[in-house]
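A lone chain, given as structure tokens: the form predicted alone.
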């Protein structure tokens, strides 16, 4: 029996069934389909294989001796961009939604895998295969919770669709790349977003209630380059909270174990990545990894302003100081946190150096988490690029 026949005979795991990755499951959705047949190979937390899949996806792995590729992965081009006419209600200016709409309108793809929310809950993810611009726009705000994007893969194959765009985060995209050849597609485009520190829906509620003055009216939020969390509320107002004022002692356990042991912040296997962390405030950061990524960027080139990426400051002292502070759950009084935030915003890292600050901070934290909780996984699970990045710092035991 061929592998293709076997996966079609496989049965998705029941919702209540334990996942093969156990507590490290990121709920990517693969196990909700008959592609569960490939989970031991495909799951990012059972078989870390970024270097091999970079070769498959981009025709080469990243150059670890190139400082930009060490941090940001295989690339043809990096830039900062923003839409000339932002999409109303988009989390940023709407570049991700605009690319997806143009790809669909031009007939380059027949459908777009993206994430709407349920009618009952603005933050409960609902993966869909969008076939109209309206369905894409209904998914325009990030859902900061674990999301089973790949749960729709069976629908893709059964639909007979041959040209597909998938929008997703690192753990989802690694699993997607591992089963890509089984999907029966003629062309797959992957638009990635950087991702870090997702939570369950209950964990999200705890974060909102712990951090925001009005948790029930938050529409979306983001950890931004000015070292503040920006909460957008239903009335259009913005609330900001300094990173250093977060109640770390209460929030240390709120993030999913999968996110605490993830080293693919920058979505290494996507064709193009659109985020914010390497761009000036108010702009989005774009990394084109291959020709498919360039094709996606080209469909919106007349809709966006661009500028070269920049880098300013030095992150390393701030990262080294943050390691024991997070490890010990240090929380500053709000007045001190605001003062520190103002000072660091003025003299701290900016542009790509801010992006490296964020990567360093998370990789050192996640390395410690993996070492302490899954020591048997440490050597094989942590990619070589992450080991080099973490190796710049002195870590506690």
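Residue numbers count along the first chain shown, from 1. Since this is a predicted model, take the numbers as computed values, not measurements.
Heads up, the form predicted in complex with flavin-adenine dinucleotide isn't pictured, but that's what we're talking about next.
*Asks:* What is the one choice in 130, 272, 277, 319 with a heavy atom within 4.5 Å of flavin-adenine dinucleotide in the predicted complex?
*Replies:* Looking at the other structure, the residue within range turns out to be 277.
*Asks:* Select from the listed residues 143, 315, 228, 177 the one whose heavy atoms reach within 4.5 Å of flavin-adenine dinucleotide in the predicted complex.
*Replies:* Exactly one listed residue reaches within 4.5 Å, namely 143.
*Asks:* Given that the partner is absent here, state which listed stretch (70 to 78, 304 to 312, 107 to 115, 208 to 216) has heavy atoms within 4.5 Å of flavin-adenine dinucleotide in the predicted complex.
*Replies:* After filtering at 4.5 Å, what remains is 107 to 115.
*Asks:* Residue 169: heavy atom within 4.5 Å of flavin-adenine dinucleotide in the predicted complex?
*Replies:* Residue 169 belongs to the contact set for flavin-adenine dinucleotide.
*Asks:* Indicate whether residue 91 is a 4.5 Å heavy atom neighbour of flavin-adenine dinucleotide in the predicted complex.
*Replies:* Yes, residue 91 is a contact residue.
*Asks:* Find out whether any non-hydrogen atom of residue 240 is located within 4.5 angstroms of flavin-adenine dinucleotide in the predicted complex, and reply yes or no.
*Replies:* Residue 240 lies outside the contact set for flavin-adenine dinucleotide.
*Asks:* Looking in the predicted complex, any heavy atom of residue 261 within 4.5 Å of flavin-adenine dinucleotide?
*Replies:* No, residue 261 stays farther than 4.5 Å from flavin-adenine dinucleotide in the predicted complex.
*Asks:* Does anything in 186 to 201 come within 4.5 Å of flavin-adenine dinucleotide in the predicted complex by heavy atoms, and if so which residues, in order?
*Replies:* In sequence order, 193, 194, 195, 196, 198 come within 4.5 Å of the partner.
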